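Okay, so here's just one chain, in structure tokens, the form predicted alone.
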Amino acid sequence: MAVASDLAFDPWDPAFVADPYPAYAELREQGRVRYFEPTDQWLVAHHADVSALLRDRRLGRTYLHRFSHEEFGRTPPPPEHEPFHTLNDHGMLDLEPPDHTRIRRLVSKAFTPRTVERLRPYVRTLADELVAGLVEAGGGDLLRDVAEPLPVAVIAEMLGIPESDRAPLRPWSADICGMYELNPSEEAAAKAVRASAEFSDYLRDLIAERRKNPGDDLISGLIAAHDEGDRLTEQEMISTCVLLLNAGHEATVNSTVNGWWALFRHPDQLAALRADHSLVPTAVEELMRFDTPLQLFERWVLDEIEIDGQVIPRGAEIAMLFGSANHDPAVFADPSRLDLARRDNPHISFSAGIHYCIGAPLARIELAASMTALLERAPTLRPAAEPVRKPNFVIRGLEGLAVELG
């Protein structure tokens, strides 16, 4: 068994989290798959393998559609974590067909390209307003003042969550997402459980209100789909709404601040972008590749597979390293170079296969809107201090990004 203990891969080391890409290069050179004992996972670091495994139906986000915990050789989660797992396990991200297919089809009906496109003027207006406030103040925290409020407001608007109710959304999301880190602490688990219960209770009340007074929003659309054929349970609706909020802004927030910090560290590329705003679409894609917001995505091995001669048994867990795949020189020419004009850019930051991010079109609209607003309204924006990186590895971002106008 190839064990990765001899590598620089250490997701709890702040130095590694600050820049995991050299360790990824070493990991790729060591082979196609390595066992990592601290998390009991098989690490997959090459783009071709990650891309193929995301589409491989021998793997799954869950195993409970086929096996019990005991049959799969896994220990059931502690009973005190039940509110989190009830919430998490009924969302389409952690389900497999046929339930995943059914829920995604219903969400797709309420999440149509026309719905997303209809949001474009709202997104652009909100981005302009947020950036105008930053400029008027002479600077501030790009995360707090622009990156965070934009996608939270957009997904809340889609769901039909009143403005007066939106303050807890980001804290709830952050606490729930703490459980997606590797080997989360009991403190993180307790926060996630509490946030799961509170968020679920809020949505249960909001769904009840929308049943009485439906509107032109996603929750009303899901209720209609549910009531027409009893195809979405109330728990599935709640879990779907939480997933859309969490997935609908966590990656966008981190992509924004990670992206701008990368731009500040590559002044030639920032200058090129400021000189030619038509680069925005490719810049968005390149920044998501260059500093990937979701570094790792897990899959359970439902049926034995073999990678490069290494048999990985049923019951094992595979950790696909998105950040490494996005820096694989077999796919990306000079991957450590930031190239905002890069055209051949098959990054996997939005995943692939049946779990491809349903909100990817909206995320691209949001990222382009905030970038364009900052380029137009704050052309002299510069960092005011070295940012502090969050200790999280899986969902990777900054604590904040202090900026000022030059």
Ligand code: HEM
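What you see is a predicted model, and the numbers here were worked out from it, not measured in a lab. When you see a residue number, it is the position in the sequence shown, counting from 1.
Below, we turn to the form predicted in complex with the ligand, even though it does not appear here.
Across the options 23-31, 334-342, 358-366, 42-50, residues that bring heavy atoms within 4.5 Å of the ligand in the model of the complex belong to 358-366.
Using a 4.5 Å cutoff between non-hydrogen atoms, Trp260 does not count as a contact of the ligand in the model of the complex. Proximity of Phe290 to the ligand in the model of the complex: non-hydrogen atoms within 4.5 Å are absent; the residue sits far from the partner.
In the model of the complex, the ligand lies farther than 4.5 Å from every heavy atom of Ser324. Contact annotation: Ser351 falls within 4.5 Å of the ligand in the model of the complex, judged by heavy atom distances. When you look in the model of the complex, the only residue of Leu244, Ile223, Val131, Leu106 with a non-hydrogen atom within 4.5 Å of the ligand is Leu244.
Interface residue among Trp300, Phe199, Phe84, Phe297, judged by heavy atoms within 4.5 Å of the ligand in the model of the complex: Phe297. The three marked residues, Gln269, Leu375 and Arg396, fail to reach the ligand in the model of the complex, with no heavy atom of any inside 4.5 Å.
Residues are counted as partner-facing when one of their heavy atoms sits within 4.5 Å of the ligand in the model of the complex; in 30-61 these are Leu54, Arg61, in sequence order.
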